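Next comes just one chain, in structure tokens: the form predicted on its own.
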């Protein structure tokens, strides 16, 4: 199934693709390029009407938007913790499994999925944990888990609803500044404008995107480049200020006015 405009996915198109030969659906919670949030509740209900198991990849939403996987009856979800949850590169992942699937033997099993009071019995027959822990495979990397301990405490203290509220406002501020300060400089906002459809980042489209990203890095701003023409900016609610967002837009304005990007090739580096 293709996007109608190359940016967004329409839930109606996804539902139409739920044909009789589909047994399992995996979708992103938030599209990594445009930042569009999919209607997970609706898609889950439609999948279940057709007897289809459905799960979501929450890498670009965890820590940025609230989730109600159990309420929506989502079958499973998984995510990395190194983005909004501040786990850092190489951090451990996260997994949600709907309670109705507890007791199902994992298709790919490892010793760490054992029931904890039997894990060190070293028996030849696996006794799976009675929760989502049954789907763990190997021992988590302790040093990768450590940053999450402090980060999750901060998330609990701040509250995901408060984080979401600021995220929406600071991203709206970024988009308003782009439209006002960078007018007629070739930028297009490729992110949904409606709050309910927008995740935690803003995608600016520009034909010179790769070169502009390199110029931003030289000026102390770390963006993401996504081929072929996206500059992805993420004002993270927990620690990004409105003043910093204003400063970034002024840097972008200077880069474009002085044509600083022209000294770079319009192609991504090894790391985007």
Partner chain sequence: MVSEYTLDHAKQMDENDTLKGFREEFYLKQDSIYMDGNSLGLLSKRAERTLLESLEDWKEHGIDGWTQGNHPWFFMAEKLGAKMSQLVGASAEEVIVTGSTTVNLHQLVATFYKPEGMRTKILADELTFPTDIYALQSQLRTHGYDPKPISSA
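Residue numbers count along the first chain shown, from 1. Keep in mind the model is a prediction, meaning the values are calculated, not measured.
Same protein, other form: the form predicted in complex with its partner chain, not shown, and the subject of what follows.
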### Query
Quick one: in the predicted bound form, does every one of 192, 196 and 268 get a heavy atom within 4.5 Å of its partner chain?
no
Spell out, yes or no, whether the shortest heavy atom distance between residue 182 and its partner chain in the predicted bound form is within 4.5 Å.
no
| message | Against its partner chain in the predicted bound form, would residue 131 count as a contact residue? Criterion: heavy atoms within 4.5 Å. | response | yes
Could you confirm whether residue 232 comes within 4.5 Å of its partner chain in the predicted bound form, counting heavy atoms only?
yes
Q) Just to confirm, residue 247 within 4.5 Å of its partner chain in the predicted bound form by heavy atoms? A) yes
Taking its partner chain in the predicted bound form and a 4.5 Å non-hydrogen atom cutoff, the residues of 95-127 making contact are 95, 96, 97, 98, 99, 101, 102, 104, 105, 106, 107, 108, 112, 116, 119, 120
